[in-house]
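Heads up, the chain below is alone and in the form predicted alone; it's given as structure tokens.
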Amino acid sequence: MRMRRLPEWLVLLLPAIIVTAAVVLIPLLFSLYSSFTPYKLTRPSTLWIWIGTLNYEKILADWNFWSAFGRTILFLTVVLNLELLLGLGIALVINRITWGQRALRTIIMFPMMFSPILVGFQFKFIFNDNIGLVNNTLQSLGISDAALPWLVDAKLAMFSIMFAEIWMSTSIFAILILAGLYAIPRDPLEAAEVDGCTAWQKFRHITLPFLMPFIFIAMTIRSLDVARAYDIVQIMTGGGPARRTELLWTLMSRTGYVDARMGLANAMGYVSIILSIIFTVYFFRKLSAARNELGMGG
């Protein structure tokens, strides 16, 4: 019996399919299965005990989870909005500059080139109580008499983490918005000038609507990143003090690797996906609406 040959396109794609299945699909299915078990890293036999939705029921009644969920929402909201405002401001300034634009575009990309772990260590030193750059500067200028507990006080610690995250990723907004500014057609702006429109009116009614698709693309990308923030938080505070800066992914890490309750941690991971899905769908709808308003929808 003659064997049937596989299509050439399937032969070419087969290595990628195998690697994707091994690296993504199999671990994903394994984590989903383990979320329905009491799997503990210290007791491998618990992987084969089926408990149904008990882990998910525990999560719904767990105050620590919902506290971390609320802090993640707060963190995401503040960081995204400040990154948007700062990125928009930087892009508008660079767009008005007529000399050295290429150098400035390169400079604003530097923060996003750093590893989040490196950024975490950098700002952990900057906000250090005793030898940190911020406290030394404040005391040298006479603004503060004593060292401020930036990474120990709950509110100051959350501010410090947000500051580090914003410093690292504002450039994403700036670059995408700058690309939008370069793509704006000149005819509407010139017509507005002829009609006597002010700079604010041109920005409000011409520039900003044209930039909205670029803004929502940046929002979508960053919402996924910020919702799973881990590196900077873990390095700077470890979720402390007293879990006051613990976000979803630091809580999952502690539950899975410190408490060894991997089944419960995986269940938390799948519940937290809801957050990412909600923000992604919301921003994609906004993006589609903005594109349709400009006549760019397909």
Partner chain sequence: MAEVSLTSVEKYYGKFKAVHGIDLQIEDGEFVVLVGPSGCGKSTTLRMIAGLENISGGEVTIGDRVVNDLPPRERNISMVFQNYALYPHMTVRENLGFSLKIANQPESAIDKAVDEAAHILGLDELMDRRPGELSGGQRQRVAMGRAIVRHPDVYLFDEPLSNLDAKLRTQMRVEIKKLHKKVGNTIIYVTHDQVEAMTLADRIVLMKDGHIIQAGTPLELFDAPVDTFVATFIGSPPMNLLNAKISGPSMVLEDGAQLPVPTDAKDLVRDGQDVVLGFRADSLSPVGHGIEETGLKAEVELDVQLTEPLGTETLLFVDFGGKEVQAKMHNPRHVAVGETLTFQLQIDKCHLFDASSGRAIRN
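Remember, it's a predicted structure, so these values are computed and weren't measured experimentally. Numbering follows the first chain given and starts at 1.
Separately, the form predicted together with the partner chain exists; it is not shown, and the next lines address it.
- With the partner omitted here, the stretch from 112-120, 75-83, 94-102, 206-214 that lies within 4.5 Å of the partner chain by heavy atoms in the predicted bound form is 206-214.
- Taking a 4.5 Å heavy atom cutoff to the partner chain in the predicted bound form, the contact residue among 179, 107, 191, 221 is 191.
- Taking non-hydrogen atoms only, residue 137 never approaches the partner chain to within 4.5 angstroms in the predicted bound form.
- Although the partner is absent here, residue 156 is not a contact residue: none of its heavy atoms lies within 4.5 angstroms of the partner chain in the predicted bound form.
- In the predicted bound form, at least one heavy atom of residue 197 sits within 4.5 Å of the partner chain.
- In the predicted bound form, the partner chain lies within 4.5 Å of some heavy atom of residue 201.
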